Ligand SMILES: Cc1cc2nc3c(=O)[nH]c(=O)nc-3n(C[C@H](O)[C@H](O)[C@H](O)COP(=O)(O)OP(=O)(O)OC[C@H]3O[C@@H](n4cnc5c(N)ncnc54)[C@H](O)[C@@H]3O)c2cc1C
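First, one chain by itself: the form predicted alone, in structure tokens.
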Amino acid sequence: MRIVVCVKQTVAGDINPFDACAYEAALQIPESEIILLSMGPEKTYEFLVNLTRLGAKEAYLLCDRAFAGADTLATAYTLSLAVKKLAPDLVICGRQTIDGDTGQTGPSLAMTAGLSLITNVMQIKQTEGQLCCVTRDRGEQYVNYPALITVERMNRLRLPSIRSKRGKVIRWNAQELGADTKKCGIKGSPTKVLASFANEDGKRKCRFVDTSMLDALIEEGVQKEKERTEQGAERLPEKKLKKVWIVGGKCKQMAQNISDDIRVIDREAAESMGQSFIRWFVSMVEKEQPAAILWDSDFWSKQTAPQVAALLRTGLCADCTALETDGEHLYMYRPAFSGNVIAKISCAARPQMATIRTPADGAADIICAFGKGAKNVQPLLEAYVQRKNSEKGPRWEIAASRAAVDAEMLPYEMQVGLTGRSVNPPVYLAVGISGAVHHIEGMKQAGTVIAVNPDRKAPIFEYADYGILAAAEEIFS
């Protein structure tokens, strides 16, 4: 089997962590011919040379000044030209990068290159005949070749052996690819970052309390959510957009902040149409020309929206947390660079599109998240949550930090954070979690945050409403 693995070098110089999983997944497929593909500056050459030591036959570097400054649409276009030249059976991409973290390039590339698509893969189960993968959200999925898959953190990339040999790296520029430079780089990128600033979003004024107050604070947090009104809604603009479509109803409240002319596309009906929905939807958009289209942030929407954007040749801003408008332009705000900054983004093409951070179906009232600091009392914590769920009251759920998942305390599916999932329950109880920015990015939209940690300087307290200075053992043992 001929496999192309798309890889990106991070600012630190190493391989993007999701791409590392993609490479390892390819290496585990028997009798495969693996080709690495990357787009970047000249310094990426040596990065690719070193990666070939793990087993790739060769690597291709798409390197041209015309490619610089590309958004996901322009990136997918350029990569698609290389994929078509290489003609693989399978393309494997990481779910997302950790700098842009949009998760759009894979689905956009699949549409642009004419490949079948499976996203959020946790296991490649079958490669003979049809491709079968186990996904994070929809169980087993089957597609025909040629195909593209995006993978989650499903494995760990092996280290090179002492005797490993370096493979060759081939450079392709715009001319060699036959690229239309108007569709590449900055010229081909409809989304533009207008401004960026330090991300203070989610910071709170923490009040330190005694351990005896824990149950009362949890109950108070749940009650606050029930009583929440729209008094704290964003100030509405004087001028609003005309013709805004939303796919799914969860982003309706944010849509109402920017438009009074809203059309709702039923998400369940859309999903039931399968791949035919995309072509139908694109034809409707081209006919009626809405000013903007907003999508929920569930797995299906994150897979479908980039494919629609690729066909419409428009931009797509991912995981927006706020929207503004002047009546003509939509200004979208989203976290970037691992959540360290907030970017204000506009889209020059029409329709303007964005996915909106929205809560998951059946979300729990209270999430009890375990950090590595809770390892010694994990069974007691799990029993505590189970006991709470056996009572008639709010629904509890267990989650984990990345450190807890890496320590094999809980499975990856439970990880909250930039490389996991985002949650916004009425109450978030963080036990033994230090508060790395990657984790904060996944839980900062929670209602009431209660942190349990013995270190008063732990970053988690900057994002908590209440802090309990204690080790997990002191409370739950």
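These numbers were taken from a predicted model, which means no experiment stands behind them. Residue numbers here begin at 1 and follow the sequence given.
The form predicted together with this ligand exists for this protein as well; it is not shown, and the discussion that follows is about that form.
Q: If the cut-off is 4.5 angstroms on heavy atoms, which of these, T419, T52, T448, T44, is the one near this ligand in the model of the complex?
A: None of the other options qualify; the answer is T419.
Q: Could you check which residue among L217, V285, I278, I98 gets a heavy atom within 4.5 Å of this ligand in the model of the complex?
A: In short, I98.
Q: Using a 4.5 Å heavy atom cut-off, state whether H438 contacts this ligand in the model of the complex.
A: So H438 counts as contacting this ligand.
Q: Should P454 be counted as a contact of this ligand in the model of the complex, where contact means heavy atoms within 4.5 Å?
A: Answer yes; at least one heavy atom of P454 falls within 4.5 Å of this ligand in the model of the complex.
Q: Is S32 one of the residues lying within 4.5 Å of this ligand in the model of the complex, judged by heavy atom distances?
A: Heavy-atom contact with this ligand at 4.5 Å: absent for S32.
Q: Answer with yes or no whether P306 is in contact with this ligand in the model of the complex, where contact means some heavy atom within 4.5 Å.
A: So P306 does not count as contacting this ligand.
Q: Heavy atoms within 4.5 Å of this ligand in the model of the complex: which stretch among 67-75, 253-261, 365-373, 189-197?
A: Answer to the contact question: 365-373.
Q: Relative to this ligand in the model of the complex, which residues of 447-474 have a heavy atom no more than 4.5 Å away?
A: V452, N453, P454, D455, A458, A470, A471, A472, E473 sit within 4.5 Å of the partner.
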